[in-house]
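Quick setup: one chain, the form predicted alone, written in structure tokens, and binding and motion questions come after.
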């Protein structure tokens, strides 16, 4: 895409469906921007807004950093968990100016309720850990001096300890309801997670004047106390 084409198209914000999208809507509203369609009810992947200079693209959460880094989106919103994994592969590729304080949860280690995790750690057992957050898990267990075998999964993480695939999982925990429903318990917190605004570095240089009001509005909205 040429510089002229880039300058003439609307700013593009990459978002994923679900909780991040829903909690981004009030931030956009605070900037005076309404979204034209709900992606949960529409098959469209490019969605307009009340601002002709801003459009949304709907992508998988794990793909948001890639769309932003390679310039298909000028900015995006992604969880710290996703950004940590992306940065392990592409360090320094994204500018992360604002913690939006939305979609808050924790990255945790969880096991079956009848598994004695403390004893296993004390005895130096080599555990099998299922997760899609391999970088965060590797760093966490290395800091504890534990040797683990990481098994990468992309979903239904809670199933792994129940069928003997893994001794533990590393996954996001919000209310803990899914863990309880599957007779699992969180045994360690790895890090708090929230969603952050990420910006393409080239866009910041070439389209800074158009981006800055939106960045300022996001920063004000994310800093405002909850109603």
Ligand SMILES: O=P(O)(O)OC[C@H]1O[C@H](OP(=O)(O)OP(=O)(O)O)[C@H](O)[C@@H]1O
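Numbering follows the first chain given and starts at 1. Bear in mind that the values here come from a model prediction, so they are computed numbers and not experimental data.
What follows is about the form predicted in complex with this ligand, which we do not show.
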- Identify, from the list 36, 183, 53, 174, the residue with a heavy atom within 4.5 Å of this ligand in the model of the complex. 174
- Task: Look at the candidate spot formed by 99, 201 and 222 and say whether this ligand comes within 4.5 Å of a heavy atom in all three of them in the model of the complex.
- Result: no
- With this ligand left out here, work out from 24-32, 43-51, 159-167, 175-183 which stretch has heavy atoms within 4.5 Å of it in the model of the complex. 175-183
- Message: I'd like to know whether residue 207 contacts this ligand in the model of the complex, with contact meaning heavy atoms within 4.5 angstroms.
- Response: no
- Message: Heavy atom within 4.5 Å of this ligand in the model of the complex: which residues of 11-50 meet that condition, in order?
- Response: 19
